[in-house]
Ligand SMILES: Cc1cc2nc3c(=O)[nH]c(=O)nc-3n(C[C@H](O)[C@H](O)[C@H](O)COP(=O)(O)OP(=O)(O)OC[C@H]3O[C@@H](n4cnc5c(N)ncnc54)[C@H](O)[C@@H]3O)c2cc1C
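What follows is a single chain, given as structure tokens, in the form predicted on its own.
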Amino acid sequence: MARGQTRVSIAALKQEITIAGGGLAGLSLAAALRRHEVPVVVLEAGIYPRHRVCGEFISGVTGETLAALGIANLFEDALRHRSLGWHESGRLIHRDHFKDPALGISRYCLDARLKDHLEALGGTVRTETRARPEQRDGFVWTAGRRPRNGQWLGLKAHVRDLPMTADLEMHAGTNGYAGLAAVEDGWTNVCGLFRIDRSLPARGADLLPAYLDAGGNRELATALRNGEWRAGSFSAVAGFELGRQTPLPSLLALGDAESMIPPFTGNGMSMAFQAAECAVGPLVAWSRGGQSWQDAANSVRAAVRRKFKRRLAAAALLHPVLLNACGRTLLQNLAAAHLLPFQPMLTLIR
């Protein structure tokens, strides 16, 4: 038999994997599986490109992880962010830096790149196809958070002409916090997490400056109102809780569908890629008939939990401090005394 025929025959023996959810975890996992010639189909409810509520600030993922997934080249033109400014109710209280530069790129751009990359590898992407959780072999759920009656509201927009004092700015307030980071084409991503307040007299895109105003970040709110907004970039999401999610017991879930870390960590996008990396080996083994689906799924779950256990626990402890009056006063006092342990805090959530 010719070598080419043998290659086709071996590929045909591999079992197909279906991934429900075409975000970072789903698309990067699919691309990595295609590098091993695993047949893969991604089901995505939306279309590409589109805007999503996301910090669009990738901090903590290594070049080795991106290379292992075969997607490192997609980040060659991403911005490199190094400096950080921490603001409390409009006042700068701390400056710092990242030892390893973070990547700045919008989901509008990155998701579309990943989708095109996957299709170039021979993967199938079916857009406008809403999947339901299925407890069956070869099915991976990466379709985001599980809807709940949560207390949080996520808001995001791309804005120009914002005064910036650092590559990444975090603005904490009494009702939540927002992060600012530059992405491509001169836009700044403004993404905030706030406690839902139904008394605010605002709707649609006006919600973002309204929540910032209500939390004490009035100068930033005014700058947003005066800035140029990217058409269609405003996004909102509600109905979720942070921390470990609760998928069906036998469902293999990754990304936000498995756990949602508080966004101030800048770690959610990195965790999506790292979770995908954890899943590649066991899923390739299952596709080749080397182990059962249950064993493969258990291996992935165990690897993901080991990978993220410490950072989720640390983030769960730090997150309430940012939203508690006493905790925020403590942070301000530590910053004023130049004792804010930013680098140790960063290490805990990486």
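Please read all numbers here as calculations on a predicted model, not as lab measurements. The first residue of the shown sequence is 1; numbering continues from there.
Another form, the form predicted in complex with the ligand, is not on view; read the next lines as being about it.
Against the ligand in the predicted bound form, would residue 136 count as a contact residue? Criterion: heavy atoms within 4.5 Å. It does not: once the ligand is placed as it appears in the predicted bound form, residue 136 has no heavy atom within 4.5 Å of it.
Should residue 296 be counted as a contact of the ligand in the predicted bound form, where contact means heavy atoms within 4.5 Å? Although the ligand is absent here, residue 296 would stay clear of it in the predicted bound form, with no heavy atoms inside 4.5 Å.
Taking the shortest heavy atom distance, is residue 254 within 4.5 Å of the ligand in the predicted bound form? Yes, residue 254 sits close enough to the ligand in the predicted bound form that at least one of its heavy atoms falls within 4.5 Å.
Non-hydrogen atom contact residue 45 with the ligand in the predicted bound form at 4.5 angstroms: Taking the distances in the predicted bound form, the answer for residue 45 is yes, it comes within 4.5 Å of the ligand.
Contacting member of 263, 209, 104, 176, with respect to the ligand in the predicted bound form [4.5 Å, heavy atom]: Flagged contact: 263.
Between 125, 280, 221, 191, only one gets a heavy atom within 4.5 angstroms of the ligand in the predicted bound form; which residue is that? Selected option: 191.
Please identify, from 286-294, 309-317, 37-45, 64-72, the stretch that has a heavy atom within 4.5 Å of the ligand in the predicted bound form. Careful reading of the contacts points to 37-45.
Does anything in 47-73 come within 4.5 Å of the ligand in the predicted bound form by heavy atoms, and if so which residues, in order? Heavy-atom contacts to the ligand in the predicted bound form: 50, 52, 53, 54, 55, 56, 57.
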